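Only one chain is given next, in structure tokens, and it is the form predicted on its own.
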């Protein structure tokens, strides 16, 4: 931004004395316009790469019942935020609730993430937009007819070529009414997000893992041939996130080779995480780890 000494450019005194009042007035008008333009340009701020909002699946809360709130993130193209295990870099969103007395917030329900290439690294997270669902229980003593003010302080890291730490102070005024719940305009987004939540693996499936030669060999037996699989561990620094995951189809499942992380400091007794199969269905796995040849 251009700066003027004493607020104006300085000129030679003889020249200034020779300028008539009409010319001087015209000059001052031009300077005022120029200064205003410079000030407007300097005050412009870069666009925020992500928009965060607190939303509700229901249009009103019912005393004594639970409802689903959501942390909605809408990101500019190329930007991403992180899953609960961020992968090689970053950190997941964290929320601090400020709720009326008697309200209880549950834990975040994380949709299935994507592998996001970041130069030589791989992150686990979300691009475009994502809804993080949080169940909220309302006290039975809540009076109908008013409104409850719900507040959340959300801290998150949004990244592209650089990472920007952000803090969003989000609020939502929730009407309180007895009776059946009415869907809000966000209802369809909650339905789509629930379809992306990992499900618990069927009881008939069997998941085991073997640690050998700096690899985890994860075997999942589903009863049918699975030609593709990608694993997202819950714990950080268990596997090399950027390494290819080699999937070998089996007659009754799939075998997945995962390179161990160089940052792994102690033996792993269980591999817990989310596996995404070729049909894009995601399941939560908990596989005991045995130790083979090193």
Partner chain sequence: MKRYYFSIPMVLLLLSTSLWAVRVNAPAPDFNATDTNGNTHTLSQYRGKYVVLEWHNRLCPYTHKQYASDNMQRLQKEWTQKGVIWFTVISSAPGRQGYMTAAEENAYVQQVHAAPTAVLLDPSGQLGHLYGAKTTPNMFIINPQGVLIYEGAIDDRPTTDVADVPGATNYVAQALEEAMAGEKVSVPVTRPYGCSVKYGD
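Note that the structure is a prediction, hence the values are computed from the model and not measured. Numbering follows the first chain given and starts at 1.
Below, we turn to the form predicted together with the partner chain, even though it does not appear here.
Although the partner is absent here, residue 237 is a contact residue: one of its heavy atoms lies within 4.5 angstroms of the partner chain in the predicted bound form. Interface membership of residue 48, defined by any non-hydrogen atom within 4.5 Å of the partner chain in the predicted bound form, is ruled out. For residue 155, a non-hydrogen atom is located within 4.5 Å of the partner chain in the predicted bound form, even though that partner is not displayed. Though the partner is left out of this view, residue 230 does not reach within 4.5 Å of the partner chain in the predicted bound form, counting heavy atoms only. With the partner omitted from this view, the residue of 163, 176, 181, 197 that lies near the partner chain in the predicted bound form is 163 [heavy atom within 4.5 Å]. Proximity to the partner chain in the predicted bound form, defined as a heavy atom within 4.5 Å, holds among 144, 189, 208, 89 only for 89.
Taken together, the three residues 121, 260 and 264 all lie with some non-hydrogen atom within 4.5 angstroms of the partner chain in the predicted bound form. With the partner chain omitted here, the record of contacts in the predicted bound form names 264-272 of 61-69, 221-229, 246-254, 264-272, defined by a heavy atom within 4.5 Å.
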